[in-house]
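One chain comes next, on its own, written out as structure tokens in the form predicted on its own.
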Amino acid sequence: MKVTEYFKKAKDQTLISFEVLPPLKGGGMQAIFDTLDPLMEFKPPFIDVTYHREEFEYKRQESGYYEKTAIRKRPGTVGICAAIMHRYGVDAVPHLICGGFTKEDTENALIDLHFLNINNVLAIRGDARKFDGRFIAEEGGHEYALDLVKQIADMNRGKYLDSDIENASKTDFCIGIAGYPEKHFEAPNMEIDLQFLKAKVDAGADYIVTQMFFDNQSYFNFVDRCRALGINIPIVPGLKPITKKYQLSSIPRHFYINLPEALAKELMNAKTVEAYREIGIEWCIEQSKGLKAKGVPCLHYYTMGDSATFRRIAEAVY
């Protein structure tokens, strides 16, 4: 079933969903099952699985010189989606990214997903590689998520890259995209960022999942501005608690988001690791309750493999 169909079926109820990362290369599916098994009692209708592009590493050779080598550290997104659907009987939502894919690679990946009866995708640009100063598209690939959305929408209409294909099978993907309540860090201002978002919606996107935020008013303001612009598809809040001290500075730096003064003060005054974790979890619980009370379509949690934290949050909210 499509993600948007779950929202319609739920009517005024707030659903729950989780996002998982593929294990590092060499790891196994048990790591994914260990994360999801304790969370499945909350009946998520779908699970997101992230995709990670290749990274560059510099490996020292016998000659003493360093060789630049590309390696994909977290492969297996499509296989993980199939395993999740088989084990739990829920839908899986693979992320599709621009980075590291040509248009042909993207088309072939979509064909594989179509054959597996996976009919939901989250289309995002993805991050720059670690040693690149900016996002660099693959030669023959997409530079922007908008173009990725357009390609998926084309395939839903039976339009493939090879114009000679006749009577092509139409895919039926429900297309999710990312939204930024505090604006994407590369956008010059919020107005322009919202225009980019609307372009993706006009191109065929079906729902939006937001970047994490820690002030619910940021989400509500974002929704209001989207609606005023004519963006009327579901907007799902994405949530993640701060549970470690270093995240007080790393999350704002890496994700370009603000922390409310009250939360920052509480965290800075915490004396122990456990106290720090408690503050973050309780803040996320209150955020979740506030969003649920307003009837958001779904609460989407970025688990990062931490099932214990999200089980506790889900127990308090659901």
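Computed from a predicted model, the values in this text were never measured in an experiment. For every residue, the number given is its place in the sequence shown, counted from 1.
The same protein has a further form, the form predicted together with a small molecule, not shown here; the description that follows concerns it.
Taken together, R125, Y180 and H184 are fully in contact with the small molecule in the model of the complex: each brings a heavy atom within 4.5 Å. Just one listed stretch, out of 153-161, 110-118, 218-226, 196-204, contacts the small molecule in the model of the complex at the 4.5 Å heavy atom level, and that stretch is 196-204. A residue is said to contact a partner when one of its heavy atoms sits within 4.5 Å of a partner heavy atom; H95 meets this definition for the small molecule in the model of the complex. At the 4.5 Å threshold, heavy atoms of V209 reach the small molecule in the model of the complex. In the model of the complex, no heavy atom of F46 sits within 4.5 Å of the small molecule. Contact annotation: Y88 falls outside 4.5 Å of the small molecule in the model of the complex, judged by heavy atom distances.
Though the small molecule is absent from this view, in the model of the complex it lies within 4.5 Å of a heavy atom of just one residue from C81, I231, A145, I235, which is A145.
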